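Take a look at this single chain in structure tokens; it is the form predicted alone.
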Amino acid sequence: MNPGTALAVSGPAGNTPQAGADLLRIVRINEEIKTVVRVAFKINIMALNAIFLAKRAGTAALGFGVLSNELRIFSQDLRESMDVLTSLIHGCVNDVSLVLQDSRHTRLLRQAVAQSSDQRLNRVLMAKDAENERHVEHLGSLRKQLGRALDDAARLVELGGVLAKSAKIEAAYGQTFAAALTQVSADFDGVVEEIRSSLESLRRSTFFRGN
């Protein structure tokens, strides 16, 4: 059984606790994504300052300047990656809300069927069950897409880590600016590690296991 169908196996009545828990998990994921977006913006500002500092240092900091510009580009790519995640999160919220709504409607329909001999209600219930299943499957698809997007973001952050560590090496050649450049590169490294920690926390969320 895959995560996308985990909600379906317990029936409509069992969907409510699962969907309610999913909503809480999604809120936490969304807050973590917002944190990463804020840090990505911080990297962009840091990179612009580092580029300016490298220009002041002249030829001794050419390599550092190039890496600082790459880190600026990295911050922009990371924000775009977070935009994708945010869009998927909004889709998940919508689908979880539909699953909760399905559960309530189906429960009322089952009560009506139990109290009536009208076969038309049975057909309505069957149609509703089929609709419920489609919503559950779509949520499962978004769950997987979100997981893959997080994996992509994690790979991007690994590149950011390499750039930050390379900048630290280049800082040593900055002559009279070496100390200042080293401090800036250490700040880069710390911020990238902060992002990596946030993404690892997201990837451990039980939301991706669908239970």
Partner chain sequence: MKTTKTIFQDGNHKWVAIVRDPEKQNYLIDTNEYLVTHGSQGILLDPGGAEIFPAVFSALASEFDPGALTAVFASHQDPDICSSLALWLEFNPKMRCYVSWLWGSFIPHFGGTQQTFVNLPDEGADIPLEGLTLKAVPAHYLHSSGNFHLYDSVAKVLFSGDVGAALLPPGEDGLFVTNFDAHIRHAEGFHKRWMGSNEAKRRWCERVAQMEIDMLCPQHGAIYQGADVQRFISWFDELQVGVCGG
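Positions refer to the first chain, counted from 1. Everything quoted here is computed from the prediction, not taken from an experiment.
What follows is about the form predicted in complex with its partner chain, which we do not show.
Undergrad: May I ask you to state whether S116 is within 4.5 Å of its partner chain in the predicted bound form, using heavy atom distances?
TA: S116: yes, in contact with its partner chain in the predicted bound form.
Undergrad: Does K128 reach its partner chain in the predicted bound form if we count a contact as any heavy atom within 4.5 Å?
TA: Close contact exists here: in the predicted bound form, K128 approaches its partner chain to within 4.5 Å, heavy atoms only.
Undergrad: With heavy atoms only and a cut-off of 4.5 Å, decide whether L121 touches its partner chain in the predicted bound form.
TA: Heavy-atom contact with its partner chain at 4.5 Å: present for L121.
Undergrad: Looking in the predicted bound form, any heavy atom of L88 within 4.5 Å of its partner chain?
TA: The answer is no: L88 has no heavy atom within 4.5 Å of its partner chain.
Undergrad: Within 4.5 Å, heavy atoms only, one stretch in 88 to 96, 104 to 112, 135 to 143, 67 to 75 touches its partner chain in the predicted bound form. Which?
TA: After filtering at 4.5 Å, what remains is 104 to 112.
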